[in-house]
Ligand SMILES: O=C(O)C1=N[C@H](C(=O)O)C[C@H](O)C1
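First, one chain by itself: the form predicted alone, in structure tokens.
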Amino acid sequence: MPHPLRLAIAGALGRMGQQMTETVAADPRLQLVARFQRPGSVGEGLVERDEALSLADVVIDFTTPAASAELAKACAVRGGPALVIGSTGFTASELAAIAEAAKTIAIVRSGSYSLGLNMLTGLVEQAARALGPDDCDIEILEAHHRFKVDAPSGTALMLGEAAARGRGVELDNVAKRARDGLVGPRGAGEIGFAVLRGGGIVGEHIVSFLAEGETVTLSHAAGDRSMFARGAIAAALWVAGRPPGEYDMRDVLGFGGR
């Protein structure tokens, strides 16, 4: 891996793009070689996407699902650079495009780049394995700022996937995304999601295991976006020089077995 690692930041003018710029600039292991927005958007220290891709070892991308899928295709066509994706709310076709690109380049994609949240994911999986659907109901509550556009959050879905893995089921088969009106009794084995949006909440996630007479609660609250930036940098340092494939933070942290 070259030293320092050459990084480009996609969506540089967004909330996370600005946080990434600040955090990367302060890290001596890294060299910020380019910042870019959508194709055709230049100025304010920005360059065109193709120029950014030609300069970087790794691109960090916190944009939108459609933009991330398109960026993955563009990186794959060139044979690089590697990519760290933090966007959430993907459609099936966008995920398929990223998976196809990962046959050519190394991609880390995660619903959260927080170390604490990824540790929480492992705890949720273990708890779900121990507390079966006959014993406990699982409900996931997440809260974010008023500007977040997808719901449930990618992190909430990541936690739901962990709970489903623990129980040996597919999340799509047991997820209850919303309840409204006369919905009847709670279905056995459901993994429920509830969403709050408002103010400047960076991110809060609560996973509750509810049994008759007791409740086990696992939770995480984000104080500021710098923790996500630090996690994305860890992912960038890890993915540089890796073989093609789609990885996640479990792999970066050594939990994934790769």
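Note that this is a predicted model, so its numbers are computed, not measured. Residue numbers here begin at 1 and follow the sequence given.
The protein also exists as the form predicted in complex with this ligand; that form is not presented, and the subsequent description refers to it.
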- prompt: Among 22-30, 52-60, 196-204, 209-217, which stretch sits within 4.5 Å of this ligand in the model of the complex, heavy atoms only?
  reply: 196-204
message: Quick check on this chain: which one of Arg165, His145, Lys176, Arg78 has a heavy atom within 4.5 Å of this ligand in the model of the complex?
response: His145
field: Non-hydrogen atom contact Thr155 with this ligand in the model of the complex at 4.5 angstroms
entry: yes
message: Using a 4.5 angstroms cut-off on non-hydrogen atoms, would Gly111 count as touching this ligand in the model of the complex?
response: yes
message: Since only the chain is shown here, I'm wondering whether Glu100 would be in contact with this ligand in the model of the complex (any heavy atom pair within 4.5 Å).
response: no
Residues within 4.5 Å of this ligand in the model of the complex, restricted to 80-99 and counted by heavy atom: Thr88
